[in-house]
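So this first bit is one chain, no partners, the form predicted alone, shown in structure tokens.
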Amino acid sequence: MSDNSATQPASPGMAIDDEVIIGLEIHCQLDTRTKLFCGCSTDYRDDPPNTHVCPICLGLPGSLPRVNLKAVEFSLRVGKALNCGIAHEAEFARKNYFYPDLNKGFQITQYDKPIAVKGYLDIEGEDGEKRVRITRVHMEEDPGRLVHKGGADRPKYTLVDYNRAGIPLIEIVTEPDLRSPKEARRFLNKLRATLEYLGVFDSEKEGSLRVDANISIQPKGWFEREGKGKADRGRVEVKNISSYKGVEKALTFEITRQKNLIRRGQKLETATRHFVETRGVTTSSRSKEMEQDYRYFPEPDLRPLRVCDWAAEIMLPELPDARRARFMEQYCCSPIHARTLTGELKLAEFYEKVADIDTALAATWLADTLLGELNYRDMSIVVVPPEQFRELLELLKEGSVTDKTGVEVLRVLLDQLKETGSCEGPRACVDRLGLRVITATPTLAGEDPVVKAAKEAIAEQPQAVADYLAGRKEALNFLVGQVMKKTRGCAKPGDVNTVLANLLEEG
């Protein structure tokens, strides 16, 4: 059969010379103790509505904002970590528009003088390492929050909570360098890890990250050549996506929707759409204001920021790429394991607490086994006590449990953690369940449990025995599996192979 893949379109309904163009605008809440322009606490999530407010964040007449210096410092850290140039002079501006959650009638943001510009972040792209350019990083305040009663699509009424109003945000704007939803997800994961390593962002907090995704489908090479999209291939902005998975799903749906329109010969209009996460679709949204509609002008109550000297003094911590390189050198981790282990700050810290048991064993069990079990249970690494995982690694290293029974013990402990918040020790669990390794005796005499199980398997599987004796060596693997079942995975596979081979040769 001939391979026609080279002559087929990359995706159904999309010409082979089309490409996806994606740019992101990421809004991240800075993890400060107080708001951007007042002293109200940012720890509002478990408190009643409108209890973390004051005249400044409510925008009452006569109130004057004052800049949170910790928010400025955090923004400078982000700018440096993203390889940006720090502005000689950054300036706040008023962005004027009406919306119920915007109590002042304007938002204090940064417009033509952002705090950091022209940076980049390297990610793993579809064809190797890829550099995603950062247009700008600017500071702004978060608006309040609308609470729709009776459903978001058709609410009976809507309430406003201003606890969130004034929370410090940074907006990170990328160039349209991403070419697939998967690349967008990888960029967001790398960005999240970088912000967490910097200590400026907590991804566990509800509403701490929101993404606006801009996407269009253009003839291949058109965007790079012309510097803009084709006239009949308008750009769609999908607003306020609140999760990393949601960004990938929204972009995937939008690509399919736009490809279908192209296939029908319809024009792609520039539009703003909303992602409905529960349905996995985008829907038409309100028309978006143009830049001139916001009537930006400098914030008269705040002086410009001149922070270049301050930025030069800020020392950055070890970031994900540097830690990945160190893990490969110091712990001899494989590139894949090193990337996985350093992709989340808490995971990297967890590994370094258990790596001294056996660096390779710890990397394999943490990256390949523990993470998979945690994801299956929708649990975080923070709930796992490092000392309990160390004990399990010790059992594995000393040969007290096999890989199979080690996984069984891990699952029991994680289930206990999920249900009660605590778990028994791995050694106690192994003894309670009778999962210690069964070692075969050197001879075939006596009632060794491995020998006994091997004899039972041979007696129960005459066809497999006949196949093995007829020269089909793969039949031995089947018999090994039967013995492992009988010993609940507590026998060493090497011992089982040896015992079975000896028994079969003796007839």
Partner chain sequence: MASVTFAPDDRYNAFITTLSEAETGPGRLSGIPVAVKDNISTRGIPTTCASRILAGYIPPYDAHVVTLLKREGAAIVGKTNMDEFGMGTTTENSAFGPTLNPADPTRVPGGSSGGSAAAVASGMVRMALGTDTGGSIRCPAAFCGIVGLKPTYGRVSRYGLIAYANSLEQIGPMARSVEDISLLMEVLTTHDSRDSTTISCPYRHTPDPSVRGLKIGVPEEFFGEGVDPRVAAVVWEAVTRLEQQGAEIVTCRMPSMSFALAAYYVTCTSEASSNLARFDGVRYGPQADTRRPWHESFQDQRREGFGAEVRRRIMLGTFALSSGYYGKYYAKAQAARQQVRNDFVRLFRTVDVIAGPTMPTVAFRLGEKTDPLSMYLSDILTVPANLAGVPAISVPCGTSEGLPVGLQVIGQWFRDEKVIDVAAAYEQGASL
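Numbering follows the first chain given and starts at 1. Remember, predicted model here, so these are calculated numbers, not experimental data. Throughout, rigid core stands for the largest set of C-alpha atoms superposing within 1.5 Å between the two forms.
FYI, the form predicted together with the partner chain isn't displayed, but the following is about it.
**Q** I need the one stretch from 354-362, 196-204, 116-124, 98-106 whose residues put non-hydrogen atoms within 4.5 angstroms of the partner chain in the model of the complex.
**A** Heavy-atom contact with the partner occurs in 98-106.
**Q** Would you mind picking the one in 327, 275, 389, 162 that has a heavy atom within 4.5 Å of the partner chain in the model of the complex?
**A** Looking at 327, 275, 389, 162 one by one, just 162 meets the 4.5 Å heavy-atom criterion.
**Q** Considering non-hydrogen atoms and a 4.5 Å limit, which listed residue (431, 424, 293, 349) is close to the partner chain in the model of the complex?
**A** For this set of options, the contacting one is 293.
**Q** Is residue 85 part of the interface with the partner chain in the model of the complex - any heavy atom within 4.5 Å?
**A** Looking in the model of the complex, residue contacts with the partner chain do not include residue 85, since no heavy atom lies within 4.5 Å.
**Q** Consider residue 471 of the chain shown here, and say whether it contacts the partner chain in the model of the complex, taking contact as heavy atoms within 4.5 Å.
**A** It does not: once the partner chain is placed as it appears in the model of the complex, residue 471 has no heavy atom within 4.5 Å of it.
**Q** Is there any non-hydrogen atom of residue 55 lying within 4.5 Å of the partner chain in the model of the complex?
**A** Although the partner chain is absent here, residue 55 would touch it in the model of the complex, with heavy atoms inside 4.5 Å.
**Q** Please run the contact check for residue 62 against the partner chain in the model of the complex: heavy atoms, 4.5 angstroms, yes or no?
**A** Although the partner chain is absent here, residue 62 would touch it in the model of the complex, with heavy atoms inside 4.5 Å.
**Q** After a rigid core superposition, would you say the CA of residue 480 moves by 2 angstroms or more between the shown form and the other one, or not?
**A** No, shifts by less than 2 Å.
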